[in-house]
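Quick heads-up: it's one chain on its own, the form predicted alone, in structure tokens.
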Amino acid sequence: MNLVKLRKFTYEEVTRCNRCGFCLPSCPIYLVKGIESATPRGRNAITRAVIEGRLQWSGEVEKSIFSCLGCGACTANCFPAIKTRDIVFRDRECLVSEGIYPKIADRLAQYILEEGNISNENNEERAEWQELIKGIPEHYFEKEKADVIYFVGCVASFFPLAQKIPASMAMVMEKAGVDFTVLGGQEWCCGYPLIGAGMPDKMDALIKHNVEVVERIGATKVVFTCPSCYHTWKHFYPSGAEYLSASEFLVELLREGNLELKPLDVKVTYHDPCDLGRNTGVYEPPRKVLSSIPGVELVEMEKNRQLTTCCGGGGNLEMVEPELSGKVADLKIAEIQATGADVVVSSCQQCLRTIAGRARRRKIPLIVKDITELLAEAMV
């Protein structure tokens, strides 16, 4: 994206920023770094200065723009609701076009475009999580035709800590009698990491392939346990089948009465994933799932729903500045601990991986579960 296009899309937006500072307490990066260039208003000021010719793209600008989580908390706390997240992602496109960006993004793009996933693994290994499941016939997976496609996502497919998510989701759907399938090696990355890397122009082949596979199977619904995949399909993919987050789909299954649940005597708190909540607007379905499980007591964190604190795993930050990502996770863990809950539940494979991984490294005793895992535990 060149400077002319940047001006067209963002100048009117950034000039609405009056530098009031209401965004500062909500920005996890600012809370960790404590410098103006790490604030949403600072990034807006940088963008405006570049457009007006008072500042050039540089390595210092790159550090500011690529340290953003893309969580959207700034917009939720902004009276004119300035879309700083969108501005930052457009800035990243400009920086990429200028050759000023974290070069590790090139490796990420290579993995995605050559192997179909973020991990540079043989894409046929996407089905490895199925080894965690006992008692489900193999014919449930990778059918030629099905009503529902479960799009697993890269993180849950290739990172062992998150593989219990698709295993739990598959067990719930099987128990509820859902005619579903997964795509296995035919599932390619949705493309979301390329958006965060400032390279959305490289997504076309991924979109074309994934849509063709869905059409070939003839599914009427595509279900996602990954909020970033869900967000990407909802906003960047053509309409066709109905796209549903896992919690929205689970609410449907529970309403139909096809799942018998036993009590779980547990106090939980719920972490709203940024791409599911603020960036896509899904807040209540996960809470409805939790309230449907007998014996589960939900205690909210001080910051919840649209005001929630990011886990630190968004915006490709873990790839660019892993320690900064970890310090944001520390903020989240402190909020979780303040609730006194036995378990923190989320609806995101990356949130689970980020929070649980950081707690483990810091030797903090914290139980982190995905909502599908908790529901699977309650099934009779």
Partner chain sequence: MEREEAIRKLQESVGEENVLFSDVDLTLYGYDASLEKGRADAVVLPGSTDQVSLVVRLAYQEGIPIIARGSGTNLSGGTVPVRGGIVLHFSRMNKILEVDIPNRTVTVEPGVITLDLQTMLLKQGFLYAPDPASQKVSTLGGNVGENSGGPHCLKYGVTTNHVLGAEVVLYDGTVTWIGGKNPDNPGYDLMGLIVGSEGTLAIATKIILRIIRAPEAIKTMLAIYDSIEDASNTVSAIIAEGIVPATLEMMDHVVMEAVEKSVQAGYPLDAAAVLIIELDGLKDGLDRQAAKVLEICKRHNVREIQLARDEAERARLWAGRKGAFGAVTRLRPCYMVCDGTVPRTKLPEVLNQVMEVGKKYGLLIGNVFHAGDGNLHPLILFDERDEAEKNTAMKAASEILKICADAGGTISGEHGIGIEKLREMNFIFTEDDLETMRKIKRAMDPKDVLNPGKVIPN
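Numbering follows the first chain given and starts at 1. These figures come from a predicted structure and were not determined experimentally.
Below, we turn to the form predicted in complex with its partner chain, even though it does not appear here.
Here the chain stands alone, but in the predicted bound form its contact with its partner chain, taken as any heavy atom within 4.5 Å, falls in 32 to 40 among 308 to 316, 348 to 356, 32 to 40, 323 to 331. Its partner chain in the predicted bound form comes within 4.5 Å of a heavy atom belonging to N77.
Contact check for R16: a non-hydrogen atom falls within 4.5 Å of its partner chain in the predicted bound form. Although the partner is absent here, I336 is not a contact residue: none of its heavy atoms lies within 4.5 angstroms of its partner chain in the predicted bound form. Although the partner is absent here, E302 lies within 4.5 Å of its partner chain in the predicted bound form, judged by heavy atoms. Shown here without its partner, the chain carries R48, R54 and A81, all of which come within 4.5 Å of its partner chain in the predicted bound form through at least one heavy atom.
In the predicted bound form, the residues of 20 to 36 lying within 4.5 Å of its partner chain by at least one heavy atom are, in order, C20, G21, F22, L24, P25, Y30, G34, I35, E36.
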